[in-house]
Each structure stands twice: as structure tokens, then as C-alpha cells.
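In C-alpha cells, one chain follows: the form predicted on its own.
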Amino acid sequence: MVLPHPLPLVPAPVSATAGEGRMPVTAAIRVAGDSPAVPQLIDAVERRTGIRLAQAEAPAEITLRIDPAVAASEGYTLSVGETAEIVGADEAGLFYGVQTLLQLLREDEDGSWSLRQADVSDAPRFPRRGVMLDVARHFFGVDDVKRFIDAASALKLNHLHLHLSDDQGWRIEIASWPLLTERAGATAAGGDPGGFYTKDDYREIVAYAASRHMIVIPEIDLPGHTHAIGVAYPELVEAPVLNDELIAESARLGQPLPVAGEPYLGWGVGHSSVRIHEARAYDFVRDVVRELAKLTPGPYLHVGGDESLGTPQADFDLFAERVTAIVVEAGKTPVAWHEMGSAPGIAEGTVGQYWGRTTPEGTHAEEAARFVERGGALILSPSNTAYLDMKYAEDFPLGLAWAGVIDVRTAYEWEPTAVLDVPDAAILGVEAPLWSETTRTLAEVERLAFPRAAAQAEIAWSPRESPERTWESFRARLGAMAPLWKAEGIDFHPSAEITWSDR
């Protein structure tokens, strides 16, 4: 049943029915269940309300349990009446049911707290619902990444893609190549301080993500975006290719051009490449892939492949074939940006990530289709709707605009299966990337990511045919997220497109 005034839930569930009353929330409320979601719920309620619920044995006022029969993987049912119960199909479903319950928690006019009565049945549309954080252009420490995970997973996003290397810096410890972090991790775009994750740091991020049911996908960008590798190991990287566009753009921005062996502080792309015909380059790739694979329990390892303008096509094709094969040998599924689909011999099953526009240009659609032809699948990240680093408006102080200005409505009104001419089943899901050229702090990341990450989360989670999948419904439900985001300390952008609630 769909009500004229929908429940304030983002993403919209498969089905939801609002009840007439409210369930009071006081310190007398007990929560029962043996899932990690129980203390997570108790902690979240306390952050929001100051009320500390008690964990107890059943029977209790709020019960959490698992029953695989209730829904598909990651699904759940939720009922709130005089008492509340969340039943997850699995631990992930239970966690997502908790996130929905927290969205029903509201402060009443008299200052008390209650849960809106409702019955919800829910499961995701796509298995792959992700965000990407670029920690290479600007570095974000472990605590910042954890906060980003908290905010993203609360929207039922379940993959975190970490862009760990680029021209501006190398951000992950590799024991077999120690100069990567010693020499290429100290700076960031614009000459800002750099940083890197030790192996223990990275393990901590992976474990924290797992506790929020997020899979970490590490990316080492190859064969382009590799200037930082050359700062540490010059013999692995070609001299920078200074094309006319790079020179003009660097002059416009007042940024330096890349110089071989020196840290690169600008934003320009397409000038770097590893030495495709150098055997030692593949020793390097194997070692990096081996160490990252050992650190990463998830199934994926991203090898980049975008904007390799300094690499001749034949060399790029050769490298693409070899690097994807190396990832498979390490026991992982390779992921690559859609340009790598130009190589006819990429490893079977390689997953492509499409970052072209919703109306494909040039050869982008053909490159993306190659992954499907080779037994793989696709992640949709169209730059003109899903890129979180684009400006909300021309005068917005953060972000770029090369892919367009993306207000919240633009971020919401696109359909993943309508972008490319491939079977719907070939679309794994959606990822919203955030590149960090203009973001120096987590607060700046949050202002670009939220609320637009909520739009991408709904596209990835909610049924396409749902009556609530309209802009007017979404903007009303999104406005109700403000109190929760404020309580969690998320520095979201209060876009004028949305009427934001104060309760």
C-alpha cells in the first residue's frame, strides 16, 4: 500500500505501510538479539536521542533476529507497533533493517522520542551498490574513512572503492617496494600534505567496513595515472607526455606541469604510463597485486585503465591483457574502468566500470560491452549523473564541472539499464565516485557526497517500478533525513531543491 504521504525512508523500500500511532522510545526499552546489529542500534539511538536502551534477553520491546525465509539476500522485514521486530534474511539484512528503523525514530513536539508505526518488507534491486573515495589526490586517514563508511552504509550502500594511487600520490604500504610510500606518499594535489595506510591501517579499514557489511575494493590505477610510481622507482615509468590540452589546462589553473621524478602537484591527466615492455614493470605489478590480494578478503581488485593517453593503443592492449591475468592468478576478480574494454584479450570475467555519460560518446559503449562479451559484467558510474565531485551549481565552492553541473534532481533522475545496450542482467549495479582534487577535509567530502549519495543509493536499492521512485516523493523523503544526518555529524549540503525537516 502506498500512502499519499510516504514514510520518510531513503532508499524507498519494496513495500511499506504506515500505521496510525507511535511507539514511545524511553530508557525502559529493551533490545533482544545476538547479532552485532543490536549494540549498533543501541549506540545509534543514544547518539540521536541521548537515551541508552538496554540489551536484554527475549522477550523485549525491540527484537532482532535472522530468518532466511523472509527475503532475498540483504533483505529484511520490519514491523513497529506497540513493540518492534526486525527480521533479516542474513546479517546484512538485519543491519539494513536497523538503518530503516533509525529513520523512523523522530523527536515529538514535546521533546519525547518515538518510532513511527509501520510495516516494511524490503530487499535490494542490485547486488552492487557502491561509493568511491579518492584518497590519492588528497589523503584521508583511517578515522575519516570510517566516518565515510558509517554514512554510506546507513544508506544501504555495500561497496567501498578506495582509489589508492594516482599521479599525485601512492597511499598503501607495499613491503616489497618500500619507496612507494617513502618517496611517493608525502604530498598531495596542490602541495598539500600526503599520507599513506600501513598494512595494519588498511586491515582496520577493511574490518570496519565488514562490520557495516561493506566490501572494500582497492584500486591501483594502471598503466596511466602512474607518475607517483616514477617518483619512487623512475625505471618503471615513461617520461611525461605533455600534450596541448594538458599544457593549456595547467596554465588556466596556474598549476605546474609534471616533471619526471618529482612529485606532481597539479590535476592534469593522461601524461603518465608505466613502461609496458619492461619486464621489471610486471614484477612490480605482480608484487603489488599479490600483497593487496592478501590484505583484501573481498573478491575484487581494481586495476584502473582510465585516461591512459600517454600509452599507445597496442601497448595499452598488451598491458590490459597481462594485468587482468595477473589479478586472476592472485585469486581475485579484476575490475577496470571501461577504457580497458578496448583490449580484446582482457581476462574472462573482468568487471567493467563505465564512467562515460548517460548518452555514450565515442567508443565508450563498445568498450563497456566488451566486458560482457568476455563473460564479465558492468558497474554504472556515469560521470554526468553519478560523480559526487561535480558541482551542485556553477558557483558552488567545491568540486569540478567538466562532466556537467549535477544538482540533486539530476543525480536522481537516471536509470542504470537505459545507458548501455547490454542485457539488464549484465548490470551489477551502481557506484558513485568522489574524486578529491578540491576536497582537503572530510567535511568537504561530505558536502559533495551528501545528499547526492542518497540519490544513488535509491537508484541502486529501490525497485524501478516503485510508485515512490519519483523526484517529488524522493525530495520529500530526503528532507526528512536532515535530523538524522545532523545527529551523526554529517556535514551535508542543504540544497535549496529540498525542504529540510527540523525534526
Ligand code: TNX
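Position 1 is the first residue in the sequence shown; the rest follow in order. If you're wondering where the values come from, they're calculated on a predicted model, not measured in any experiment.
Another form exists, predicted in complex with this ligand; not displayed. Remarks below refer to it.
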item: Residue stretch of 89-97, 206-214, 385-393, 409-417 approaching this ligand in the model of the complex, non-hydrogen atom distance within 4.5 Å; value: 385-393
item: Sole residue of 139, 319, 197, 337 within 4.5 Å of this ligand in the model of the complex, by heavy atom; value: 337
item: Position in contact with this ligand when the complex is considered in the model of the complex, options 247, 186, 253, 400, heavy atoms within 4.5 Å; value: 400
item: This ligand contact at residue 306 in the model of the complex, heavy atom, 4.5 Å; value: yes
item: Any non-hydrogen atom of residue 225 within 4.5 angstroms of this ligand in the model of the complex; value: yes
item: Touches this ligand in the model of the complex: residue 355 (any heavy atom, 4.5 Å); value: yes
item: Non-hydrogen atom contact residue 435 with this ligand in the model of the complex at 4.5 angstroms; value: yes
item: Neighbours of this ligand in the model of the complex among 259-281 [non-hydrogen atom within 4.5 angstroms]; value: 269
